[in-house]
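A lone chain, given as structure tokens: the form predicted on its own.
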């Protein structure tokens, strides 16, 4: 860093990233980040959600993390809570699934049933 301008630019970028994590209106995306979730790949999943929301300039959704969700065999687990409080639990998440969930669930309001815990339990 060589100037105040560079420092201000870094601050602006950090605040934009925090905005994705702190927004409480609209959708809440909660990623299970306990040891089992991290070991199964929860961190890249969380990063994919944040990147996709920023790429699409979606302001009505936030990404947060939580501890153990309780079903380690299905990690990484993500809960999407819509503005009405309805919760959808997605399991065995990947970065590619995160991108699809943003496109279909967050943008268009359609739950990706084939990624949900109910679908997985029927297998």
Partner chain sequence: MQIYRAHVLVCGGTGCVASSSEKLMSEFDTHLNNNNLASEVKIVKTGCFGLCARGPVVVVYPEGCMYTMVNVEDVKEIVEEHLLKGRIVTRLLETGQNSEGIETSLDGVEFFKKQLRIALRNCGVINPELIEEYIAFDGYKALAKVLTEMTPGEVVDTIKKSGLRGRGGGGFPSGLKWEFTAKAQDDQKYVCCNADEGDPGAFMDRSVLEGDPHSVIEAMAIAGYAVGANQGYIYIRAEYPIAVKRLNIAIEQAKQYGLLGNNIFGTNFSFDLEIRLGAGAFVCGEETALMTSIEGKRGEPRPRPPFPAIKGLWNKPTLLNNVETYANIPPIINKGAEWFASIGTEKSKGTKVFAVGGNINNTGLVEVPMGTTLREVVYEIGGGIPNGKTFKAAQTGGPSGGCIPASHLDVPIDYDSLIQLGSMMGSGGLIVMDEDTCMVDIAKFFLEFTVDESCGKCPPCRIGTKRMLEILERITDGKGTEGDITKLEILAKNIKAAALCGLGQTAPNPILSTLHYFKDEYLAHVNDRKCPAGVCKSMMQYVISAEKCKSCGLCVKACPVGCISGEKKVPYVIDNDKCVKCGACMEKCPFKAIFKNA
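For clarity, a rigid core is taken as the largest C-alpha set superposing within 1.5 Å between two forms. Values in this document were obtained by computation on a predicted structure and should not be read as measured data. Residue numbers count along the first chain shown, from 1.
Below, we turn to the form predicted in complex with its partner chain, even though it does not appear here.
In the predicted bound form, its partner chain stays beyond 4.5 Å of every heavy atom belonging to residue 59. In the predicted bound form, its partner chain lies farther than 4.5 Å from every heavy atom of residue 83.
Its partner chain is not drawn, but in the predicted bound form it has no heavy atom within 4.5 Å of residue 26. Although the partner is absent here, residue 94 is not a contact residue: none of its heavy atoms lies within 4.5 angstroms of its partner chain in the predicted bound form. Contacts of stretch 104-122 with its partner chain in the predicted bound form, defined by any heavy atom lying within 4.5 Å, are made by 104, 107, 108, 109, 110, 111, 113, 114, 116, 117, 118, 119, 121, 122, listed in sequence order. Residue 110: CA moves less than 2 Å between this form and the one not shown after rigid-core fitting.
Between the C-alpha atoms of residue 65 and residue 11, a gap narrowed by no less than 3 Å is obtained in the predicted bound form, as opposed to the form on display. Relative to this form, residue 65 and residue 8 approach one another in the predicted bound form, with their C-alpha atoms ending up at least 3 Å closer.
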